[in-house]
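In the block that follows, a single chain appears as structure tokens, in the form predicted alone.
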């Protein structure tokens, strides 16, 4: 990937990344909202070098949240813990998240604490628990891939707001499912269990079979439509968004942006090389069929 020319890399990523500037991302969110889709705003990046950089990231998110509120966009911010300095200091990350949560609460916005690989799971769950003790407007991400997830679900604060994902990181077989079937089964069963326990759940997937099954399960268990939604990636399998919206689901689109798009893309592809094939297939118009069951 480092050898791919910049213009080609940017072209490949343009349908999945809103641009380098906040105004470009806000424009995309505005267009999506006009089409009936809510949004999630993410500044690309992770693993900052020092506390000063973490504080710069926090300032960027403060500005982004203010602009979302000013433009009355139906969207919220979503932040990776290592982008706010988690690997430097958990106390630093908590302080930065706390200020952001207060800012979002004052603006009437939601904030999501994202989940990264298994080396940060304990610290990320602790961040979420500490923030939820002070703020209702904070949610978390849970990965169905990990064996530990069943136990982690039991320790979530009451009435949590959870984004359920399969997990983009290729974790060791000793701690995680590595086959699609068990990951999908865990995703479905854990999602419904969370909803029945009174949590709110966002199904982050482009797996049509899984998504259709979750809609049926919610209907069968008489789960209120406003307790769940689908979350999808900008530029990925748009026909599915419309399908689920027509089936009565709310669909929210994850819109990433930022100047670190190339470094971010390279790191993510290195952690999960299968993503590159999905990108190439989608760019060439080949993203139908079996690929709908893989993400």
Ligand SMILES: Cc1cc2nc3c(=O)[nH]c(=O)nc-3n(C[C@H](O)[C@H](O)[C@H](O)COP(=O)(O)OP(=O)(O)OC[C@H]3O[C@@H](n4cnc5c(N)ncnc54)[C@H](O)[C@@H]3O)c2cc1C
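Positions refer to the first chain, counted from 1. This is a predicted model, so every value here is computed, not measured.
Not pictured, yet referred to below: the form predicted in complex with the named molecule.
Using a 4.5 Å cutoff between non-hydrogen atoms, residue 143 counts as a contact of the named molecule in the predicted complex. The shortest heavy atom separation between residue 254 and the named molecule in the predicted complex is within 4.5 Å. When the named molecule is considered in the predicted complex, residue 38 lies well away from it, no heavy atom lying within 4.5 Å. For residue 95, no non-hydrogen atom is located within 4.5 Å of the named molecule in the predicted complex, even though that partner is not displayed. Residue in contact with the named molecule in the predicted complex (any heavy atom within 4.5 Å), chosen from 192, 165, 101, 215: 165. 206 is the sole member of 200, 206, 132, 118 with a non-hydrogen atom lying within 4.5 angstroms of the named molecule in the predicted complex. Although the partner is absent from the chain shown here, none of 57, 61 and 260 has a heavy atom within 4.5 Å of the named molecule in the predicted complex. Annotated contact segment (heavy atom within 4.5 Å of the named molecule in the predicted complex): 206-214, selected among 206-214, 221-229, 85-93, 146-154. Within 4.5 angstroms of the named molecule in the predicted complex, the stretch 221-246 places a non-hydrogen atom from each of 231, 232, 233, 236, 237, taken in sequence order.
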